[in-house]
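Given next, in structure tokens, is a single chain: the form predicted alone.
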Amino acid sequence: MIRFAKPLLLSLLFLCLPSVSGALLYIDINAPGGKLMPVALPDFVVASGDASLARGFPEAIGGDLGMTSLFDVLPRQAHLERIVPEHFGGRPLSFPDWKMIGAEAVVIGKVEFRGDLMTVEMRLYDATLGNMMVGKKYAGPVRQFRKMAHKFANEVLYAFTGVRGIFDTEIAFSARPEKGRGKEIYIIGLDGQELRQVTDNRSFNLFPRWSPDAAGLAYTSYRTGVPQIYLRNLATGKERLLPQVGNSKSPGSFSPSGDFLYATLSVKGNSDIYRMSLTGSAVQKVAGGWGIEVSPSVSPDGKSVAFVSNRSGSPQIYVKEIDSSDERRVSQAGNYSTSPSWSPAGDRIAFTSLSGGRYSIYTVRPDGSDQRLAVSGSGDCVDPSFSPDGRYLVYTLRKNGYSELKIGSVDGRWQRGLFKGLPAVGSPSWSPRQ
């Protein structure tokens, strides 16, 4: 597997305190519409330094938990007890006070600073049993407080559901700079915060795709005048150009091992799907034939690839077994289907389809059965990408020259905006867990 040097984010320290297993509280994450878990997020204790983090941490955690539609974050004004340093030195919480306002869970935290570094201790309590469920310490630069908050929100979700959270994941996308031309690659947090620009070459940079370890991106750039695929190490900023085969090129997805990149290459005027080695120079055609084949998305087990072909007269989604000639059309939603994205569980493929004069997002099983409408809106919903837990899709909403990134649940029950601060936003790609 090709390895990218990962950026130093923060260190994770386990509290030397007992964590209670077998708590009575439990949320069935697969049963939407049930009773929400009331959770209190009082101000953190900040001994010195940036006092705004007293609210910054609980607000970030509350925003994450709210996204799940499983938790009810109680209003700050209802709290009867103020958290003080002594709560981290042996003083118990007043659980009757928290139960009085309806809280079944309480998250408290303490922040300590040393220069530009900080240590944050966070605890999750079962207010009914009066026991600590989770206790963690995080240490790192002050600027990374949101990453620490997201990681603890993951712990809260896991404690109540047994499901790993995705709150510390990110979205890569392309957009036109506010003052500039072309398109650049950007990354933004799942909470719509901490936008950062990855490329800056005043050209067209498109189709970002994450490596399996979330430490690198592949993307297409026209910086030399012709489209080429680059691999970028996000920690160091170093890039390398993939072997120059054919003409137009765009990445589709990495193999699960990270040793290969599946991409669209145009050779002798015909666009087909190729597998490109990242540790050597081998390039192998995977899918081709009459017409065009573009936009590959590899299954999580690495055995199949979904792609777009116009062999039937209009673009549709096909699935091919990589080591055989077996191919099948799986999209039946409309007369123009594009942008396949394979779910992490391998059980569904999301794609964009034009039906009734508007683009919407559908999902389908890899055998072509059980097609479902997942996302539709007042404009065109395009370019879906699955979250690492398979429960959400990030996509682009376009309407009358306007575009923004949105996130929606796969079951269609929930949607929210993610980012709309730049022109021509598109091609979102959801990172793996970090």
Partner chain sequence: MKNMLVGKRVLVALSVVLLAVAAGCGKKEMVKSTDGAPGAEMSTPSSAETQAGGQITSETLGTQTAMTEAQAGVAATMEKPSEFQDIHFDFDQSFIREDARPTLRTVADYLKANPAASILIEGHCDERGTAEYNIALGERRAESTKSYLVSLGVKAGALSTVSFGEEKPLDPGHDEAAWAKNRRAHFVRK
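The shown structure was predicted, so the numbers you read here are calculated from the model rather than taken from an experiment. Numbering follows the first chain given and starts at 1.
As for the form predicted together with its partner chain, it is not shown, yet the points below apply to it.
K.L.:
Sort through 203, 161, 360, 154 and report the residue having a heavy atom within 4.5 Å of its partner chain in the predicted complex.
P.N.:
Contact residue from the list: 203.
K.L.:
Have a look at 123, 232, 183, 150 for me and say which one sits with a heavy atom within 4.5 Å of its partner chain in the predicted complex.
P.N.:
Exactly one listed residue reaches within 4.5 Å, namely 183.
K.L.:
For this chain shown on its own, do 225, 264 and 291 all sit within 4.5 Å of its partner chain in the predicted complex, going by heavy atoms?
P.N.:
Yes.
K.L.:
Looking in the predicted complex, any heavy atom of residue 176 within 4.5 Å of its partner chain?
P.N.:
It does: once its partner chain is placed as it appears in the predicted complex, residue 176 has a heavy atom within 4.5 Å of it.
K.L.:
Would residue 405 count as a contact of its partner chain in the predicted complex, using a 4.5 angstroms cut-off between non-hydrogen atoms?
P.N.:
No - in the predicted complex, heavy atoms of residue 405 and its partner chain never come within 4.5 Å of each other.
K.L.:
Decide whether residue 48 counts as a contact residue for its partner chain in the predicted complex under a heavy atom distance cut-off of 4.5 Å.
P.N.:
Result no; residue 48 lies far from its partner chain in the predicted complex.
K.L.:
Would you please decide whether residue 308 lies within 4.5 angstroms of its partner chain in the predicted complex, comparing each non-hydrogen atom pair?
P.N.:
Flag for residue 308 set to yes.
K.L.:
Exactly one stretch in 37 to 45, 379 to 387, 363 to 371, 60 to 68 has heavy atoms within 4.5 Å of its partner chain in the predicted complex; which is it?
P.N.:
Looking at the partner contacts, the answer comes out as 379 to 387.
K.L.:
Counting only non-hydrogen atoms and a 4.5 Å cut-off, give the residues of 372 to 403 close to its partner chain in the predicted complex.
P.N.:
In sequence order, 382, 383, 398, 400, 401 come within 4.5 Å of the partner.
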